[in-house]
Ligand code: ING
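One chain comes next, on its own, written out as structure tokens in the form predicted on its own.
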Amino acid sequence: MTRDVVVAAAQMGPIAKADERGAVVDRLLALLREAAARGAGLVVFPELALTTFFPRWVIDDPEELDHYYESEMPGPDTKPLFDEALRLGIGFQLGYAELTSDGHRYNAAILVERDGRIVSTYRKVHVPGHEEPEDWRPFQHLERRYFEPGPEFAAHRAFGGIVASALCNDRRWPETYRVLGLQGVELVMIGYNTPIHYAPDPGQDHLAGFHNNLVMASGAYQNGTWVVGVAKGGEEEGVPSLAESQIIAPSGEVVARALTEGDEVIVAVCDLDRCNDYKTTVFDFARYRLPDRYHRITDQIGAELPPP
């Protein structure tokens, strides 16, 4: 007896600045239906899946800025997605910009069970980029201007296992996976928007795909968990973004990978019991972890060099 969850990574191609929400939701619906037709019980959509990646611009007009955020979920534009998922008996994770009732702005992802129940709303913890425009950049990355960091990484019981959400830059940080691993996570879902050009160090550009797999595969293996990474890729508003959506087993092996930079569904059967192959052996935390030796991880932020 296995605990199989058929997971679909619903990669998206570019969303133009002028695209209306309804048109974008129509694309999400098409991906959802394809995933359901291929037997998926859970569909993972990208980060900021309802709009173009707006942090690449300086936006001073509050009304224009608010246009990119959702103040309720589901709202009028997204309710058709919720309704269709419920009709199909399929769950999903959706990334979007969230404006809370008390004025907080988060880069968020909502997780919805197959019965339509909202399991969680995750707010991105590792917010990258910069707060003020920098003229030397060919395009801006102003996430820190438009979003505040979320409060925590939390795992939840859903889809027959222990699951969790993360977003984009979170995938680069080992702490993301380890905090979730310490909650017994068996499936981590990560939507991302990643420009291939990294302005602070262009020498890393050709490694974007390698680094993308490296961090997610390492997180999967070192914590005995499935990892699903889902991109919004292709050239969006003149900025080439990484695609390469993939589903990674607890072994660190890629079991499904997108072949295009556009709207594409990849599917894998994820046996959650495979996590125990690693959680009860080489990464048996209860037996092998020595947290009293790791105090620097929580006691300091920046590097402190040894004395000369």
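On a predicted model such as this, the values are computed, not experimentally measured, just so you know. The first residue of the shown sequence is 1; numbering continues from there.
Not pictured, yet referred to below: the form predicted in complex with ligand ING.
A.B. asks: Is the gap between E143 and ligand ING in the model of the complex 4.5 Å or less for some heavy atom pair?
C.D. replies: It does: once ligand ING is placed as it appears in the model of the complex, E143 has a heavy atom within 4.5 Å of it.
A.B. asks: H130 near ligand ING in the model of the complex, any heavy atom under 4.5 Å?
C.D. replies: It does not: once ligand ING is placed as it appears in the model of the complex, H130 has no heavy atom within 4.5 Å of it.
A.B. asks: Going by a heavy atom distance of 4.5 Å, is N223 a contact of ligand ING in the model of the complex?
C.D. replies: No, N223 stays farther than 4.5 Å from ligand ING in the model of the complex.
A.B. asks: Can you tell me if N169 lies within 4.5 angstroms of ligand ING in the model of the complex, counting non-hydrogen atoms only?
C.D. replies: Yes.
A.B. asks: Tell me which stretch of 228-236, 95-103, 73-81, 161-169 has a heavy atom within 4.5 angstroms of ligand ING in the model of the complex.
C.D. replies: That would be 161-169.
A.B. asks: Would you check whether ligand ING, in the model of the complex, lies within 4.5 angstroms of a non-hydrogen atom from each of K124, T194 and Y198?
C.D. replies: Yes, all three are in contact.
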